[in-house]
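Before any questions on how it binds or moves, here is one chain, the form predicted on its own, in structure tokens.
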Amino acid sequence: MRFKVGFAALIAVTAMGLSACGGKEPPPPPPVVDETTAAMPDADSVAAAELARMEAAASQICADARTAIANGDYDRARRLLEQVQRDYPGTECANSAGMLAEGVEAVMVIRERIHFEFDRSRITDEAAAVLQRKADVLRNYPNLSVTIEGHADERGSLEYNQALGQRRAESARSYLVNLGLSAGMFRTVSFGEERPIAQGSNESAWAENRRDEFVLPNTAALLQ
């Protein structure tokens, strides 16, 4: 008899609980959120942020390279362009840096000086190797114009050194033409002893000043 009364009481309590909840079971507790996981950005966001960082860094390096080109510092420009290709591959700047680097290299080869022996205008073996490199580049730019400037050291009269500088410029042009380039590509001029690049009255300075310079009036064709 006690069992029946206890069972009836249990049913009554359960019914009262269901009635208090509108006759429905109570909702389950909310899921536990892992705050560490929720705070982490997704993989796509991380990749996009890293790409944006790389593009910005590469763009700055390319801007620095173009500034170096504008200032005539081609060696620095080449190093910067090599850096962006090495450190930031796949960026817009790196993808275009290859062709620009080739143009910078071409300018450096064309502008390389050649030097002469004292009171001579003949092409030495060392100068011949430089002129061969120039010819290899210039064949790719048949419409390019190059001015060859002849220079002398301070020894001798102004008139003699003016004529010597001209012979040196003509000697380089003849050598390049003999390598198959058009004579019309080159203009020659002499500055004699008027524009030394090394100061001093000694053999080291004189050797530097006995030279031909190769000037490009416009480098735009090589640096697009």
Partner chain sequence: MKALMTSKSIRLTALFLAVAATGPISAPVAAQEPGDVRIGITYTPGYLPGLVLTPVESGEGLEQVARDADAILRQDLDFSDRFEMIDIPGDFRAGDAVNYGLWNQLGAVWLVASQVSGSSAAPVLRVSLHDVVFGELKEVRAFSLPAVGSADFRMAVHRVSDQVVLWATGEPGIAATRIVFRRKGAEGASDVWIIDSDGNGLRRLTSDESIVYSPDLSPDGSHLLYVSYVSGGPVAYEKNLATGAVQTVSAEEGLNVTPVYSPDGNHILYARTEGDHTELFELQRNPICCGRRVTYTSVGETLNGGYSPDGRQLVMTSSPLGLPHIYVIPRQGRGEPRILSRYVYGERGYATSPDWSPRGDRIAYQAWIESSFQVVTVSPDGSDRRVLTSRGSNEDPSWAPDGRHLVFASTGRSGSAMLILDTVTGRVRNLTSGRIDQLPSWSGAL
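Numbering follows the first chain given and starts at 1. Keep in mind that this is a model prediction, so the values were computed, not measured.
Although not depicted, the form predicted together with the partner chain is the subject of the following passage.
(message) Let me test this: is every residue among R78, A106 and E112 within 4.5 Å of the partner chain in the predicted bound form, going by heavy atom positions?
(response) No.
(request) Given that the partner is absent here, state which listed stretch (69-77, 112-120, 97-105, 128-136) has heavy atoms within 4.5 Å of the partner chain in the predicted bound form. (result) Going by heavy atoms within 4.5 Å, the stretch is 112-120.
(request) State the residue from Q199, S182, S157, N178 whose non-hydrogen atoms include one within 4.5 Å of the partner chain in the predicted bound form. (result) Here the answer is residue option S157.
(message) How about A57 - does it come within 4.5 Å of the partner chain in the predicted bound form, if we only consider non-hydrogen atoms?
(response) Result no; A57 lies far from the partner chain in the predicted bound form.
(message) Please tell me whether any heavy atom belonging to E170 falls inside 4.5 Å of a heavy atom of the partner chain, as the geometry stands in the predicted bound form.
(response) Yes, E170 sits close enough to the partner chain in the predicted bound form that at least one of its heavy atoms falls within 4.5 Å.
(message) My question is simply whether E194 lines the interface with the partner chain in the predicted bound form - judged by any non-hydrogen atom within 4.5 Å.
(response) Result yes; E194 sits at the interface with the partner chain in the predicted bound form.
(request) Scan 97-114 and write down, in order along the chain, each residue with a heavy atom lying within 4.5 Å of the partner chain in the predicted bound form. (result) Heavy-atom contacts to the partner chain in the predicted bound form: nothing from 97-114.
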